[in-house]
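Only one chain is shown below, in C-alpha cells, and it's the form predicted alone.
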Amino acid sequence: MINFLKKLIYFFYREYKLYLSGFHSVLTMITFFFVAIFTFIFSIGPKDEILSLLGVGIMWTLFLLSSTLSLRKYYQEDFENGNLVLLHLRGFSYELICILKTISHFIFVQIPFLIFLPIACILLSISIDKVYYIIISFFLGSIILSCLGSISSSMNLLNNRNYLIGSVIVIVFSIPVIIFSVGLIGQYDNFNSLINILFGILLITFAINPWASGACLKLAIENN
C-alpha cells in the first residue's frame, strides 16, 4: 500500500512538472476563452439583457472549444517519448494511467477555467444568483469533458494525418452535456433532476473512459 501511494505521488508530481513547464499552453487556452468572449460582446452589442440571455450558452461553447485545444496534452508526448511504456513497467496498468491522466487534466487544465468563470460571468452581465449554478454545472461538465478528451486523444495516437477528428468526437458527444448544463441555469424547480442527469452522465463516462482509453493505448503501443 505504501509503495502504491509513493507511485501515485510520483505520478502526480511528474504531471505537475509537465503542466508547469507547459503552463503557457493553459494560459493560451484561457486567453483564447476571454478573447472569444470579447469578440461575442463586440458582435452582439453591449446590451445587458441580450448578453445575460446568451451568456451561459456562449461560455459553454467557448469552454468546449478551449478544452479541445488541450487534447494533445493527454498522451501524445508521453507516447512519442516512451513514457507510457515506462509508467506501465513501473506497475501502472493502462486503465489506471488513463484514470490518473484524466484526474491530472482536470486539476491542471480545467480548474484554472473554473477559477476565471466569475470574471466571465461579469463580462457577460450574468446575474450573481446564476453564478452558483453555473459553477456547479461547469464543475460536473468539465470532468465529463476530461473523460471524453481522454478517449478521443487515445484513439488518435496513431492518427498523424487528421488530429482534428479527436476534437470532433469531443464536440459531438458533449452536446448532451451542454444541453443539460445550459438548461440547468434558472431552472430552480428542476435543478435536482438536471443535476442527477449530469451526474449520471459523469458516472457513465468515468466508467467507460479507463477501459476504452486503456484499450486504445495498448493498441497504439503494440502497433507503434
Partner chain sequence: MKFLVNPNRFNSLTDLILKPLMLLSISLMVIGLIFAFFLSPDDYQQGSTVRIMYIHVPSAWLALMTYFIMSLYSIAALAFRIPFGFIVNTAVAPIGAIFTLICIITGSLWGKPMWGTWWVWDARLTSVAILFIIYLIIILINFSFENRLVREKIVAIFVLVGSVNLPIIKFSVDWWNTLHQTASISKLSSPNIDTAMLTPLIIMTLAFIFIGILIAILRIKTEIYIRKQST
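Residue numbers count along the first chain shown, from 1. Basically, rigid core = biggest C-alpha set you can superpose within 1.5 Å across the two forms. Worth saying up front: this structure is predicted, and the values here are computed from it rather than measured.
One more form of this protein exists, namely the form predicted together with its partner chain; it is left out here, but the text below deals with it.
Undergrad: Residue-level contact is defined here as any heavy atom of the residue lying within 4.5 Å of its partner chain in the predicted bound form; does N192 satisfy this criterion?
TA: No, no contact at 4.5 Å.
Undergrad: Contact with its partner chain in the predicted bound form for N196, defined as at least one heavy atom pair within 4.5 Å: yes or no?
TA: No - in the predicted bound form, heavy atoms of N196 and its partner chain never come within 4.5 Å of each other.
Undergrad: Quick one: does L123 come within 4.5 Å of its partner chain in the predicted bound form, counting heavy atoms only?
TA: So L123 counts as contacting its partner chain.
Undergrad: Indicate whether I128 is a 4.5 Å heavy atom neighbour of its partner chain in the predicted bound form.
TA: Looking in the predicted bound form, residue contacts with its partner chain include I128, since a heavy atom lies within 4.5 Å.
Undergrad: Could you run down 37-71 and flag each residue that has a heavy atom within 4.5 Å of its partner chain in the predicted bound form?
TA: Counting only heavy atoms within 4.5 Å of its partner chain in the predicted bound form, the contacting residues of 37-71 are F38, I41, F42, P46, L51.
Undergrad: For I175, is the C-alpha shift between the shown form and the other one 2 Å or more after core superposition?
TA: Comparing forms between the shown form and the other one, the I175 CA shifts below 2 Å.
Undergrad: Superpose on the rigid core, then tell me if the C-alpha of M29 is displaced by 2 angstroms or more between the shown form and the other one.
TA: Indeed, M29 is displaced by 2 Å or more.
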